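Listed next as structure tokens is one chain, alone, in the form predicted alone.
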Amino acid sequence: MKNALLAWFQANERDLPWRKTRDPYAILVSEVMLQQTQVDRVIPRWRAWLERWPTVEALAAASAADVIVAWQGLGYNRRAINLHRAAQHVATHGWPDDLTELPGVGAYTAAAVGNFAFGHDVLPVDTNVRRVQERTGESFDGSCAQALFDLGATICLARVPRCGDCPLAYACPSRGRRYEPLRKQPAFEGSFRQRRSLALRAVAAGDQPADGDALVSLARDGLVVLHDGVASLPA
């Protein structure tokens, strides 16, 4: 299956800008941005981010407030703070052997950066990769990572896989199956996540939102600072 997968990938690889670099910082930024954010939305933001902060040292020297403002619109703003803290750690101590030592870096992100930047033979297993492995019953090594990402994103879809276009269908025990819809994520509209987002946006604009619960939650995550009831972005 591996050879068939890699041959398909050679002809069908998505043109993603972070695949053209081995810079661990640039790859880390892409992986953090891609968490629960669509690829098409990430591409221009990733380019703008690296234009503003082209190196890990440049990001480390930025203020947390500037980082939070630059992240607006990507969602899950705590990722911005963790990325900033990770950059500060690397700028001071270098890249650790165990990348999970960096703030906000879990097993998947560590594997992705380890593979794509440092050449480690480790397979980062996201939703797409797990789906392909479970359906085919096949284990893949690190050289198949990008191919599996693309196959899961474009062919081996969650509900109605395009088995007729799949290079692995000839030996796939799940060929032709259809799947129940996955549980939907709770709606953003009207949620506490939205309240947090609106409160943070207001603070970034210099206003004082009245949503005390949202501000306390943001302060707990290090996204705002509360002093005598007045909210501001961290220095």
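The model shown is predicted, which means the values in this text are computed figures rather than measured ones. Numbering starts at 1 and runs along the sequence shown.
The next section is about a form of this same protein that is not shown, the form predicted in complex with the DNA.
Asker: Do R47 and the DNA come within 4.5 Å of each other in the predicted bound form, heavy atoms counted?
Answerer: R47: no, not in contact with the DNA in the predicted bound form.
Asker: Quick check on S197: any heavy atom within 4.5 Å of the DNA in the predicted bound form?
Answerer: The answer is yes: S197 has a heavy atom within 4.5 Å of the DNA.
Asker: Even though the partner isn't displayed, in the predicted bound form is G206 close enough to the DNA, meaning a heavy atom within 4.5 Å?
Answerer: No, G206 stays farther than 4.5 Å from the DNA in the predicted bound form.
Asker: Flag E138 as yes or no: does it have a non-hydrogen atom within 4.5 angstroms of any non-hydrogen atom of the DNA in the predicted bound form?
Answerer: No, E138 is distant from the partner.
Asker: Name the residue from T127, T154, S143, T92 that puts a heavy atom within 4.5 Å of the DNA in the predicted bound form.
Answerer: Of the listed residues, the single hit is T127.
Asker: So which bits of 187 to 202 sit within 4.5 Å of the DNA in the predicted bound form, heavy atoms only?
Answerer: If the 4.5 Å heavy-atom criterion is applied to the DNA in the predicted bound form, 187 to 202 yields F188, F192, R193, R196, S197, R201.
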